[in-house]
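Have a look below at one chain only, the form predicted on its own, in structure tokens format.
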């Protein structure tokens, strides 16, 4: 009899399903179903595909050294996974499948179809919530409803983890080494990708690299995290988002080790980011309309969005005339990553200054981010566009100049990614249109900040009125 570990976004050896399978004493195989068609449909960035595939290669090699062969099968897309998996378990005499649960709608539909096939075959399916610290169904308000505002969710989240803290998984036991049968499929998929060296060097893939980065952050970055996390010009964040998204690092390990190393508010601030991650996964799981391109707030259905392609291209290419916005967008397209503060600034600029549909920006981010995570990206965009779960409504509009002066006061970050402004002083670099002769190669602002808040408020007011009429 043989047990199967079905890997998805949990590409590591420290894995509860793998441990359970090995502890059984039975034969164990591992499987990854590659779905490039699904990646294509959702515009997954080449950088993220590369990170996943290289991490999968490291995982396969590590499993082989421990006596577990990892097969990699190109299933095409999710709808083919049930059939492919059915054939696989029959060919290899699998009686039990171990996997981590996933929460977006397409993933849940795939898993439901797989569960039905496995049940018909008499194969047991063991699901675990390893991609979160707190499962989506675990927390409810006093009225028995899901939390839809982060602050009360966070309080309940912290209380639950304080009462039942998670423990990190240990490396699996070792058996006689075997070969790694799936490596050729990975090589073939990687050969079709073109990822710049700037991304490869900045984002070393795999579990070992994630462990090193976590250790380095906890030792050097965590003590100053609360004070430096909003400064895009400094390495103030953990840079663990890609590892958490692909599962080369388990959130339980990140939480546990941060608690061990926590230093007052710095530790609490970073751990709270893990709470945000779980919160958006809870919203994604319990409100499946978000996976269909809909907003959490129904007013979104009545909003009128602009379609100016010139403004859209200016935003995509970092040519809006606002230095901090442009620096963020250029970092994204060149490095496959952007500081979280800049994600909010650029997303709010698109959805409020330009009034372009947030869904276009959401997809653009996914097409470039090495850490592209559906739930977190969707939640962040809806927050910025004021159509998500956030309790603060539409009147929040970031002033890009004020954000620039506050979080990049020296202009060092801007100078790095907008080199045509690098020669300006620390005052002029934030508003180069005031001294246009000193920055002749930089565009003027594509839209004025003055009046944006009033325009957004009016557009939301009309949308609410239309929504009320539709319900009358």
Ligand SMILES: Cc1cc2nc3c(=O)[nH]c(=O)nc-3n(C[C@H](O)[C@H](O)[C@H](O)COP(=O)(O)OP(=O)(O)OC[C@H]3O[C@@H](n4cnc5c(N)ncnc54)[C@H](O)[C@@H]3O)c2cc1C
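Residue numbers count along the first chain shown, from 1. What you see is a predicted model, and the numbers here were worked out from it, not measured in a lab.
The next section is about a form of this same protein that is not shown, the form predicted together with this ligand.
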Inset, instruction - Verify the contact flag for residue 343: yes if a non-hydrogen atom of it lies within 4.5 Å of a non-hydrogen atom of this ligand in the predicted complex, no if not. - result: yes
Inset, instruction - Report whether the minimum heavy atom distance between residue 352 and this ligand in the predicted complex is within 4.5 Å. - result: no
Legend entry - in the predicted complex, residue 244 touching this ligand (heavy atom, 4.5 Å): yes
Legend entry - Distance check, residue 240 to this ligand in the predicted complex, heavy atom within 4.5 Å: yes
Inset, instruction - Find the only residue in 294, 129, 373, 169 having a heavy atom within 4.5 Å of this ligand in the predicted complex. - result: 373
Inset, instruction - Heavy atom within 4.5 Å of this ligand in the predicted complex: which of 276, 147, 78, 256 fits that? Just give me the one. - result: 276
Inset, instruction - Establish, in the predicted complex, whether 339, 381 and 384 all lie within 4.5 Å of this ligand, using non-hydrogen atoms for the distance. - result: yes
Inset, instruction - Would you mind picking out the stretch of 331 to 339, 204 to 212, 304 to 312, 80 to 88 that comes within 4.5 angstroms of this ligand in the predicted complex, counting non-hydrogen atoms? - result: 331 to 339
Legend entry - Residues in 189 to 228 with any heavy atom within 4.5 Å of this ligand in the predicted complex: 225
